[in-house]
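Next up: a single chain in structure tokens, the form predicted on its own.
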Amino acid sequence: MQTINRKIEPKGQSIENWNLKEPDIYYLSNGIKVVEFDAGTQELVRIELIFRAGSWFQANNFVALATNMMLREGSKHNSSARISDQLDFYGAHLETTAEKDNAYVSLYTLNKHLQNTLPLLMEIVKEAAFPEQEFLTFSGKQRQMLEVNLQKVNYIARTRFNSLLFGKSHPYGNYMITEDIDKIQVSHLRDFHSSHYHASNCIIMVAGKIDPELKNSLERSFGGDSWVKGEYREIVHEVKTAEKRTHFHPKPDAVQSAIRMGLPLFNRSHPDYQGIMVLNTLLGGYFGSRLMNNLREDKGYTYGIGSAAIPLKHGGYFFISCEVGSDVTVDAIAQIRLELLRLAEERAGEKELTLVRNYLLGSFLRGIDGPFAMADVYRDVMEHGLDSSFHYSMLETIQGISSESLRALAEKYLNPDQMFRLVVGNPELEASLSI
């Protein structure tokens, strides 16, 4: 057996040839689009139903989330306990998620049990009953979780910050308080389900080792005219950013401060989005970033600091986030500002840029490892009206963007004087933050 000399660094290899798997696309008889990734090696499949039913479409806080999560809590024919028992019996797993733009219902199931689990998914989605007692239990738990989260400076900063960028009444800026939960009744969920969970508002994504009979099974469960309810109508919300750029939220007895800085940006459709993704990685998008090296490795102010450019269907935003000790809050903000200014004034060195390129390319490879991951990557761009060509372009940007282009992007978009800033922490800090 050959012994590996661990003092010698393994040779790196460049990634040159890309061949992303394209999905098969077909339509059920009622118009539902099915996007299929047949790439599995195990007899397992994920069936994901995507609905335009996120918080963008709700008239009252909590409704979109509650509707989505309550789907498995009972149908016209089965109780929540019976549904859970059947899923467990067949070794299946159900996930429900509601985000800003869309809501998702995902079933993981063995192919050999598909004829039993797919009708159960149909029942959960199409025949949800929203039992009163189950809703009271669910809403009570959600209220308790919210009350606990409201004691955390990071949670307060995260939820309040977006309201500065988009406005409190905008779905991207709105945040929930306990009174919102108390106002919602089961009738709100049933109405939202009826108007948003139907064939005219649905896309199905399938990934795994596809059974030849799956297409017919999907047609039997989700095809037909009985589930069609009119056409999708776009909703427009007005953005109202805050007048002040700097804000402070007092949290008595807090020993740490949560810092949030950023500004409204754009989504994947914007021509500068791909360059911003590379720039963000350099600044705070991975463990070796400039912000981590400064505030964690050098100063020891925080366990972790990061930045991100978040793409949404109707826009996007950029933010920097960290938690630091109250006594170093002022200097932490100064160091973040310093890194932002340096990003716009100095070109990144080739060694640093090579490290960022390799990290992003490696992350992308990990992100398409397996059929479920492939489907997730495709879904992310599909929801923005894009296709796989976006990823080929992104990979070219990662490999070819120059340090001067990154510097110019920082100068254009990431001016710290234009950013909104929110600090959540001890009230004694407010006077020292020049607010």
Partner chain sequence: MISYERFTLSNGLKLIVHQDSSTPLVAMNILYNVGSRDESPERTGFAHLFEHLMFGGSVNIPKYDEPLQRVGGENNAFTNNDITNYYLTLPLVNLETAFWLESDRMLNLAFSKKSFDVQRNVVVEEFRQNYLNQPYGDAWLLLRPLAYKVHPYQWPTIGKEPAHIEQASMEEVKAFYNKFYNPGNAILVVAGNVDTQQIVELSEKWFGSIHKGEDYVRNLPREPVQTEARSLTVERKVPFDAIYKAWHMCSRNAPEFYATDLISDILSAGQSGRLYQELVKKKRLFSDINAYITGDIDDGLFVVTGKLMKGCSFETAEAAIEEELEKVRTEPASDTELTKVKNRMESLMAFGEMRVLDKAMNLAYYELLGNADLINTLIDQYQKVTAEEIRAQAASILRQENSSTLYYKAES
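Numbering follows the first chain given and starts at 1. Only the largest set of C-alpha atoms that superpose within 1.5 Å between the two forms is called the rigid core. Source: prediction; values computed, not measured.
Below, we turn to the form predicted together with its partner chain, even though it does not appear here.
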### Query
Pick from 81, 334, 235, 177: which residue has any heavy atom within 4.5 angstroms of its partner chain in the predicted complex?
81
### Message
Please tell me which of 266, 104, 248, 359 lies within 4.5 Å of its partner chain in the predicted complex, judged by heavy atoms.
### Response
359
### Task
Flag this candidate site as yes only if 4, 288 and 298 all have a heavy atom within 4.5 Å of its partner chain in the predicted complex; otherwise mark no.
yes
### Task
Mark residue 309 yes when one of its heavy atoms lies within 4.5 Å of a heavy atom of its partner chain in the predicted complex, and no otherwise.
no
#### Entry: Contact of residue 108 with its partner chain in the predicted complex (heavy atom, 4.5 Å)
yes
### Partner contact for residue 343 in the predicted complex: its partner chain, 4.5 angstroms, heavy atom
no
### Query
Taking heavy atoms and a 4.5 Å cut-off, does residue 355 contact its partner chain in the predicted complex?
yes
#### Entry: One stretch from 334-342, 267-275, 198-206, 135-143 that, in the predicted complex, holds residues within 4.5 Å of its partner chain by heavy atom
135-143
### Query
What residues, if any, in 150-169 have a non-hydrogen atom within 4.5 angstroms of its partner chain in the predicted complex?
151, 152, 153
### Task
Return yes or no for residue 389: a CA shift of at least 2 Å between this form and the one not shown, with the rigid core superposed?
no
